[in-house]
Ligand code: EPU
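This document opens with one chain alone, in structure tokens, the form predicted on its own.
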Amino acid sequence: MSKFIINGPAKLSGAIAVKGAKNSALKIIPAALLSRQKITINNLPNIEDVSRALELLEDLGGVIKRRNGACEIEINNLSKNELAPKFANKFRASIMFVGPLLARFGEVKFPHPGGCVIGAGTRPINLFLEGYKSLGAKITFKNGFYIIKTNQLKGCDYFFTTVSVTGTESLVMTAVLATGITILKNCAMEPEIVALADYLNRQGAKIKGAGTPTITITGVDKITAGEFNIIPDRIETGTFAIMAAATRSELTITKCNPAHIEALLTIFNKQGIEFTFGPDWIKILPAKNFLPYNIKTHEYPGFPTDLQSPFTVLMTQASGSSIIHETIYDRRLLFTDILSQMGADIIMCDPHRVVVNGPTKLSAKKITSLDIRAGIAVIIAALIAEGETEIDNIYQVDRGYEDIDGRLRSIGADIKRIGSLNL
């Protein structure tokens, strides 16, 4: 099994470029199913989840040409409408293939989507299923598979009882080929949703309101295909900013969109972590001391749950006590036990809240990555810690961060990979 060996503490310097957004790539790939024409995807991150998504699409009959950060996909002849468990069980975003397949085929069969400890088999998909039903589909569950059928998807009014990014994106893609008008309410507002809707509109869809709580879709007969440029990964942007602050380093983050992490940068201002920025870059300046800060995760434009784990590590170095309140994923705070083993002073109040007391000196340990975001968080902890840290289960990190060890070495981190990376 592959692992990382990291020697700390580290002082980082120079510049690191942000890759294409994982959460945008994993939606545009299944969106290719909506058209028989060829789609070209640029700025595609070379990560595990993208590779698994392309494998799944290829298994469905897609013809894929991938090179130099770009990918061409053509699905003129779909060979089947079933998501094979050997692919779908590997990543949560396999659920995103269901809506486009239903819209194009009128029938789809799939297992419960997989993923990491945060998403593997435990996160419900009721929002998706209820949405498909509202659009006129019938759903059965037999022998471990959901089977969804429809003679014709029809526009509807649907209210999300819980704000859901993937739920919003899935129903947008499903409704574009339905007859009539669909109104989705209490939608997520993430930049990735806007990027997806903008692309679909360029290809003939009629979507209004993406990026607001209410999205209106007027169904069309067909969707064409064209070119899609994946936006910068805002989670990677924020993670690198936190990494620089935690290691008290001067680091420039390039090829990013600072507006997408305004919540984090506003907090940095209040903490005394200095930075400068331009249209597509942010420079974090080293701070000897910075203030603690209480966060409560929230859907965009609030503080993102995907930055909670790295921010928790940052708070172990702040001068005072911080309350971290995770409101979206029950299991996301499990990784704080690893930080405690490394010397952090963390009190678990309940499954949703911890108190982090700082600053504390972290010590190297042999640890395991629990999920994608906890994985990058413990890498940050290892960069702060004294000594050699060994991190197992780095497959979880590779799911979301392209060549993270090579990129960190380029800015001064002492990190090496034991074992190979197979994408």
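The structure presented is a predicted model; accordingly, all values stated were derived computationally and were not measured. Residue indices: 1-based, along the sequence shown.
Here the subject shifts to the form predicted in complex with this ligand, a form of this protein not shown in this document.
Chemist: Among 65-73, 52-60, 29-37, 368-376, which stretch has residues whose heavy atoms lie within 4.5 Å of this ligand in the model of the complex?
Modeler: Careful reading of the contacts points to 368-376.
Chemist: Heavy atom within 4.5 Å of this ligand in the model of the complex: which of R92, K109, H260, R248?
Modeler: It is R92 that has a heavy atom within 4.5 Å of the partner.
Chemist: Between the options N126, N269, T212, T276, which residue brings a heavy atom to within 4.5 Å of this ligand in the model of the complex?
Modeler: When this ligand is considered in the model of the complex, the option within 4.5 Å is N126.
Chemist: Answer for I328 alone: is it within 4.5 Å of this ligand in the model of the complex, judged on heavy atom distances?
Modeler: Close contact exists here: in the model of the complex, I328 approaches this ligand to within 4.5 Å, heavy atoms only.
Chemist: Hey, in the model of the complex, is V163 touching this ligand, heavy atoms inside 4.5 Å?
Modeler: Residue-level check for V163: yes, a contact with this ligand.
Chemist: Counting only non-hydrogen atoms and a 4.5 angstroms cut-off, does E236 reach this ligand in the model of the complex?
Modeler: E236 lies outside the contact set for this ligand.
Chemist: Hey, in the model of the complex, does K22 get a heavy atom within 4.5 angstroms of this ligand?
Modeler: Flag for K22 set to yes.
Chemist: Any residue of 295-314 with a heavy atom within 4.5 Å of this ligand in the model of the complex counts; write them all down in order.
Modeler: T305, D306 sit within 4.5 Å of the partner.
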